[in-house]
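Take a look at this single chain, the form predicted alone, given in structure tokens.
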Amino acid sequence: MRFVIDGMTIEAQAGDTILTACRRAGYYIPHLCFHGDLPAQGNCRLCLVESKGRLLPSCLTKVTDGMEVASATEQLHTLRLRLTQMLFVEGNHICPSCEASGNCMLQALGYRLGLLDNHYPQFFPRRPLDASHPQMILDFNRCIQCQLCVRASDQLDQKHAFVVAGRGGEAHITASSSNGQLGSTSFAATDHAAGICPVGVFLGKGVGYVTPIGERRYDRADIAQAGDRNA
């Protein structure tokens, strides 16, 4: 089975989505909430592509033989840029002082898209730090609500250590415990959920800046070449 994206013909397997087929072929489609070990959920919408005049989430859209898809259009570039700018203003992202700088997919995507300003007013939300766990700090200022940690803890670790609380603009990730603290869950630093965050929410205690800035994943290569943080 074959399909065409931006003029490039890609071989697909039965059941492939556009994103999984493109990832296997080495063709980059921007995304933040997708991980190969988990079913796609389509939260971030950055992987939208166009087919027959419709915008489709490539992580959820199955390939059909002979379909034609566009990803590298000006319209989609602008849409992804605006979505990325929204993610920056909805949190408190201070890249120069962030431990995840150089390893952050949001930062790397901003560079790739040519993000030079926020475009939207900054929210400056009040978000907590959770240092209750002996091995890990959670800095929710950087959370982009991708829910990868929630899904990884549920489906890979079988611990259910995280939950989405609140609704709409008040929705947020929190530890799934009676007091809302990570230290009161069964979470461990070796869990899949601990390393799946595409930004810098999960910070190991006592191991900051082990890899110097300038030598990190996206310091060395563009996100399209370097791939996912966990790849």
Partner chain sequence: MTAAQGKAADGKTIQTVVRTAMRRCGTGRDALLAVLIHVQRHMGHLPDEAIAAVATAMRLTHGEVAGVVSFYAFFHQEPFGLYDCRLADNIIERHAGNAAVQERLGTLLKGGLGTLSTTSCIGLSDQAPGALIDGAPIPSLKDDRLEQVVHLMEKEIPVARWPGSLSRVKPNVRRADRILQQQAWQGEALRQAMTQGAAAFLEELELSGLRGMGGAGFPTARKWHSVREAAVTERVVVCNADEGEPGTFKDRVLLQRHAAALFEGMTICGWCVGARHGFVYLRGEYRYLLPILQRKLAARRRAGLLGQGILGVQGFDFDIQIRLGAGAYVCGEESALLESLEGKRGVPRPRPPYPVEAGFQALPTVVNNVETLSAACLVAVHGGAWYAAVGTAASRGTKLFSVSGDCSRPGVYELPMGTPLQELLQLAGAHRTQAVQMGGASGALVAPHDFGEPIAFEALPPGGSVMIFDQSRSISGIVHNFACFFAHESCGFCTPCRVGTRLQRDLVHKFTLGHGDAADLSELKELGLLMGRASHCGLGQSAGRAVGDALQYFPEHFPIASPDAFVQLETALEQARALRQAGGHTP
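Numbering follows the first chain given and starts at 1. Given the structure is predicted, the values throughout are model-derived calculations rather than measurements.
Another form exists, predicted in complex with the partner chain; not displayed. Remarks below refer to it.
Visitor: With heavy atoms only and a cut-off of 4.5 Å, decide whether residue 121 touches the partner chain in the predicted complex.
Guide: So residue 121 counts as contacting the partner chain.
Visitor: How about residue 147 - does it come within 4.5 Å of the partner chain in the predicted complex, if we only consider non-hydrogen atoms?
Guide: Close contact exists here: in the predicted complex, residue 147 approaches the partner chain to within 4.5 Å, heavy atoms only.
Visitor: So in the predicted complex, does any heavy atom of residue 181 sit within 4.5 Å of the partner chain?
Guide: Contact check for residue 181: no, nothing within 4.5 Å of the partner chain in the predicted complex.
Visitor: Would residue 82 sit within 4.5 Å of the partner chain in the predicted complex, counting heavy atoms only?
Guide: Although the partner chain is absent here, residue 82 would touch it in the predicted complex, with heavy atoms inside 4.5 Å.
Visitor: Between the options 203, 189, 70, 60, which residue brings a heavy atom to within 4.5 Å of the partner chain in the predicted complex?
Guide: It is 60.
Visitor: Using a 4.5 Å heavy atom cut-off, which stretch among 157-165, 109-117, 128-136, 96-104 contacts the partner chain in the predicted complex?
Guide: Selected stretch: 157-165.
Visitor: Taking the partner chain as it sits in the predicted complex, which residues of 168-202 have a non-hydrogen atom within 4.5 Å of it? Please list them.
Guide: Read in sequence order, the residues that approach the partner chain (within 4.5 Å, in the predicted complex) are 168, 169, 171, 176, 177, 178.
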